[in-house]
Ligand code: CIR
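Below you'll find only one chain, the form predicted on its own, shown as structure tokens.
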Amino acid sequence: MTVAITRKISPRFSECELTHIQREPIDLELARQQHASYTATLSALGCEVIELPEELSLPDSVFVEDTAFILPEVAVITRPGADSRKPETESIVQALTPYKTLLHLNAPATGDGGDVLVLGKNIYIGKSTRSNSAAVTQLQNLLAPYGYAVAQVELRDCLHLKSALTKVDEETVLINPNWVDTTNFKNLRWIEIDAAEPHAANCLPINGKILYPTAFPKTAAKLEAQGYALAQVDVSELAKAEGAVTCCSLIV
């Protein structure tokens, strides 16, 4: 059974951190409806969904991906780059403890899970406003005993590495090459997002399907043309907080 850990949306969601987009009004009830549909879709894709209660004082806490990343051997608890988000990890430690041995990033390292892309035994860390070089060094030391190689990747004009590219399968990435240094990914198969949809590179493979936003029909058509089956969800209100489909779950 695939386990998906999610968290209900905070009533202070509209106070979320923003870095690369302009603040827009967020319809909290619509955001909650969209999140409920997202979790229902995870269930329909065969996940056992564990939904944590809302964090009243933590606006961004629905984006559980940034608090950890999961490997077959262990889970790594991150140290989010925004100070307002650092307390989010406390409940994630409790949620993940039954499933994995936990490793931890410590100061001066900062790192968001949204900056972490795992492809086999290679782990790529986006160099962003949220994830620093100290995190890369710590992860190299923490994960070398498990056979992982950790490399830092330059970004442009986006919040996280997974804003610019995400895994489709073990040989394929969905990519916006304008937002990321592509040097490390030359040996992979690329599906480039449609140029009219710059935010379209975030997808989540789950049990043989690709969870994908409804907002990017041109890129969705590219994925389907390559033979991928999509499960599409509307996350338009979550996107106003720089959220996307990978952000809202931890897949164990």
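Keep in mind the model is a prediction, meaning the values are calculated, not measured. Residue indices: 1-based, along the sequence shown.
Below, we turn to the form predicted together with citrulline (CIR), even though it does not appear here.
Undergrad: Can R85 be called a contact residue for citrulline (CIR) in the predicted complex at 4.5 Å between heavy atoms?
TA: R85: yes, in contact with citrulline (CIR) in the predicted complex.
Undergrad: I'd like to know whether L250 contacts citrulline (CIR) in the predicted complex, with contact meaning heavy atoms within 4.5 angstroms.
TA: The answer is no: L250 has no heavy atom within 4.5 Å of citrulline (CIR).
Undergrad: Applying a 4.5 Å heavy atom distance criterion, does G126 contact citrulline (CIR) in the predicted complex?
TA: Taking the distances in the predicted complex, the answer for G126 is no, it never comes within 4.5 Å of citrulline (CIR).
Undergrad: Is there a heavy atom of L159 no more than 4.5 Å from a heavy atom of citrulline (CIR) in the predicted complex?
TA: Looking in the predicted complex, residue contacts with citrulline (CIR) include L159, since a heavy atom lies within 4.5 Å.
Undergrad: Choose one stretch from 217-225, 45-53, 189-197, 59-67: the one whose residues place a heavy atom within 4.5 angstroms of citrulline (CIR) in the predicted complex.
TA: Only one stretch qualifies here: 59-67.
Undergrad: Can you tell me which bits of 128-142 touch citrulline (CIR) in the predicted complex, meaning any heavy atom within 4.5 Å?
TA: The stretch touches the partner through R130 alone.
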